[in-house]
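Below, in structure tokens: the form predicted on its own, a single chain.
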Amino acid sequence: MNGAPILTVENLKARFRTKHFGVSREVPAVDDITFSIRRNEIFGLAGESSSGKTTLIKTIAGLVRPPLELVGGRAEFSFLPDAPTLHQASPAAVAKVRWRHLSYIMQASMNVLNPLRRISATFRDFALPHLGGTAGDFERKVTEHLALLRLDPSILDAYPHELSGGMRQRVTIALATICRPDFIIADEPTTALDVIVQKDVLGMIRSIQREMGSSVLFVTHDMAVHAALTDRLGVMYAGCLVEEGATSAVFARPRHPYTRHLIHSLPRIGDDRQRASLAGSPPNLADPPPGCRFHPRCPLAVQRCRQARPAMLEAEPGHRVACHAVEEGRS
């Protein structure tokens, strides 16, 4: 695994700004996030719903549209070094890197596939401008790529509604990887799939990532998926990154109380003990609590947690945590 980062995120901030009935609201959905992703690795992003995962990857992918605003920081790709974020790059530069260097596997396959066009037409729309060549060459490349994902070429003649959910999701993976991109963003690509199909799809993502040497930013709330697939893991809570490190290290010794709860809540074969749920609910980001945003739900919270936001510090080599209890040796 190459140590040079392909993506560097530094102090990234994004917010939703709305105004209804004369009332303005600002929601800091991505609040001062810093991490990097190296070449040829799968970086996982975890956290419950409304933690800011999807907003973060939209900001990284340059999909910043009102009411979402980029406030500051950078999310710089090595293949686009002249722009601090994809959102700030020129339209010509974005068109050049999208699909060829950067691709996106979306959660809802029917939102990607045009229901009025056959799968073959969708491949031409996505990939032909980047791959070029004759019609015969392009068809051969598509057929060979489908074989890598164990998809029969006959699906090219089908409409999306004629395929099962698992087949459609495989097609979206094929679309996202046919140009052999350097970086792939996968936004909860297995959420709507049953466990058997999910296992198959995860295996395909890992296999094709290894074959192409791409980097992957994999987003899901399912910690078991992260344990099975990712090399490194970042955990988000209320728009903030609270823990980040090698996936094996995070699972072996979770340092943040929130991460610890996520991992300990996983079911284990033969363990029938009742597990306590986490008290409270995620904060309203339009009016977040002062200090550490997790403190209203944290069993280790003290007065300092209610007043000062913890810095993201290295608790162990390569393992960063934002928690006063860890910093003070109470966790």
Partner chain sequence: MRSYLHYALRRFAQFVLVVFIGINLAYVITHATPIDPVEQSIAAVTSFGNTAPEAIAEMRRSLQELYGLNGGWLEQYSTFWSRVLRADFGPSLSAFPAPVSSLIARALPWTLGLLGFATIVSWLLGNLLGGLAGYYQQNRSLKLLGVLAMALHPVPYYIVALALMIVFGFIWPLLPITGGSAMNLEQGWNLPFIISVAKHSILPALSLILIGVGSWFLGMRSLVSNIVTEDHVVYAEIAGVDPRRILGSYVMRNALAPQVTGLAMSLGGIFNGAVITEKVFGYPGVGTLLVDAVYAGDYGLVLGVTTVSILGVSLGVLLIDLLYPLIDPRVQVTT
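Positions refer to the first chain, counted from 1. For clarity, every value in this text was computed on a predicted model and none was experimentally measured.
There is also a form predicted together with its partner chain; it is not shown, and the following applies to it.
The listed set 176, 236, 186, 75 contains one residue whose heavy atoms approach its partner chain in the predicted bound form to within 4.5 Å, identified as 176. Scanning 145, 221, 98, 261 against its partner chain in the predicted bound form with a 4.5 Å heavy atom cut-off leaves one residue, 98. For its partner chain in the predicted bound form, the listed stretch (145-153, 206-214, 247-255, 168-176) containing residues with heavy atoms inside 4.5 Å is 168-176. Taking the partner from elsewhere, every residue among 65, 116 and 126 has a non-hydrogen atom within 4.5 angstroms of its partner chain in the predicted bound form. Its partner chain in the predicted bound form comes within 4.5 Å of no heavy atom belonging to residue 79.
By the criterion of a heavy atom within 4.5 Å, residue 201 is excluded from the residues contacting its partner chain in the predicted bound form.
Its partner chain is not drawn, but in the predicted bound form it has no heavy atom within 4.5 Å of residue 164.
In the predicted bound form, its partner chain sits within 4.5 Å of a heavy atom belonging to residue 111. In the predicted bound form, 98, 99, 104, 105, 106 are the residues of 84-107 with at least one heavy atom within 4.5 Å of its partner chain, listed from first to last.
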